[in-house]
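Single chain ahead, written as structure tokens, the form predicted alone.
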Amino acid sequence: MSTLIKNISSLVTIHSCSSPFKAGKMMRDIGEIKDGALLFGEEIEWLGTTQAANEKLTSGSISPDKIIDARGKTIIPGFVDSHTHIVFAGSRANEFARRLRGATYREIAESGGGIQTTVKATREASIEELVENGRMLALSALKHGTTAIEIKSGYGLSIESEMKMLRAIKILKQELPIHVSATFMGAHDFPPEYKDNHQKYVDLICNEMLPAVAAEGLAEYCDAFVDQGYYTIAQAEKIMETACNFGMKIKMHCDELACVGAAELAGKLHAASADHLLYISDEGIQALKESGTVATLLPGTAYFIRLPYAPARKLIDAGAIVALATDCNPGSCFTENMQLILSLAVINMQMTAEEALTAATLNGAAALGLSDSMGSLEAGKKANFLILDVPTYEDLFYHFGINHVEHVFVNGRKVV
């Protein structure tokens, strides 16, 4: 069954020109078609102008089963949120209130709070509770336009609890109407039982956790928090090399709290993405550009914990591949709304509207190795797109703080 949508006021294709990503000045080329038309089944079959669609209808070269008038609407590719932690238990609202009273993220962590608060709650939760919490957040993300999402473990920090989290993510993969990518992040923090012997925990990750995860095929990626007070370059390199030996791809939390050379390591290891990057060095920027590692920026986190924003302009102007994601998590950025992330990116990181759209769609898909099938609207790619109740894509940014999504299509099926 095919559907034709025509009279689309603004059809934003983010056409990839057969490339898996856009970098530098190309991020501003979003392939907008005014008065556009889109023909699709499960995949995009054709797109162009409404005039061209009418000519095809008249000639009989297309014969859709359904025609939709999208006058006054904008269509864009579905958002790809390539960095989240939405499977967890418990709340850290009290810690957020502490930060409002002056405590820093690091001070809270050093006092036994932070990630450890969520670890305790997650270890005590059932797999059903973890699935329900993740489902709730994922469906909310869907309503705000997310059609593919990555979910990390990392709040278990033991074999049993990390496996429980990853099995919960597997259930969500099977249940949710959107694409889900799974990431093992046993190296999110050090568990309390190994607080005085970090190397022993690194050995546990490499010798027991990674083999167990790989045996069940529970994760496509392995991630580590490489930063001041967390994992060192040497520890991260050992974990990542072990993960690669088990067939996993690499993602890394890099230089969020301080410049420790994590981005350089991500480039050296040809990681799929290096995320956060608030304190990335010039050498780190060059390493990401040369390696093709996606620089995934998370402006919601800088906003939420009052840190400087990542240098988006330097990264883009240097020719690095830049993506945007929510980092939805209970401690440092509790939002699943990609539209909010776009607003923060253009206001606080000086990205253009066009760059932000590219970063949240095609380049987000590239960060997950999915841009051959999603992230842009092109013939042969999945029909994952949003109908926005605005006449131009600029209005998505101009009128901020509300949900502009009217309908969400995933694999050609209307799910919102």
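Being a predicted model, the structure only gives us computed values, none of them experimental. Residue positions are given as counts along the sequence shown, with the first one as 1.
Below, we turn to the form predicted together with a small molecule, even though it does not appear here.
Shown alone, this chain has one stretch from 176 to 184, 77 to 85, 317 to 325, 340 to 348 that lies within 4.5 Å of the small molecule in the model of the complex by heavy atoms: 77 to 85. The partner is absent here, but in the model of the complex a heavy atom of E256, alone among E336, E256, E150, E264, sits within 4.5 Å of the small molecule.
Proximity to the small molecule in the model of the complex, defined as a heavy atom within 4.5 Å, holds among G145, G134, G331, G300 only for G331. Under a 4.5 angstroms non-hydrogen atom cutoff, the small molecule in the model of the complex lacks Y231 among its neighbouring residues.
Shown alone here, R92 lies within 4.5 Å of the small molecule in the model of the complex, counting heavy atoms only. At a distance threshold of 4.5 angstroms between non-hydrogen atoms, Y105 is in contact with the small molecule in the model of the complex. Contact annotation: F225 falls within 4.5 Å of the small molecule in the model of the complex, judged by heavy atom distances.
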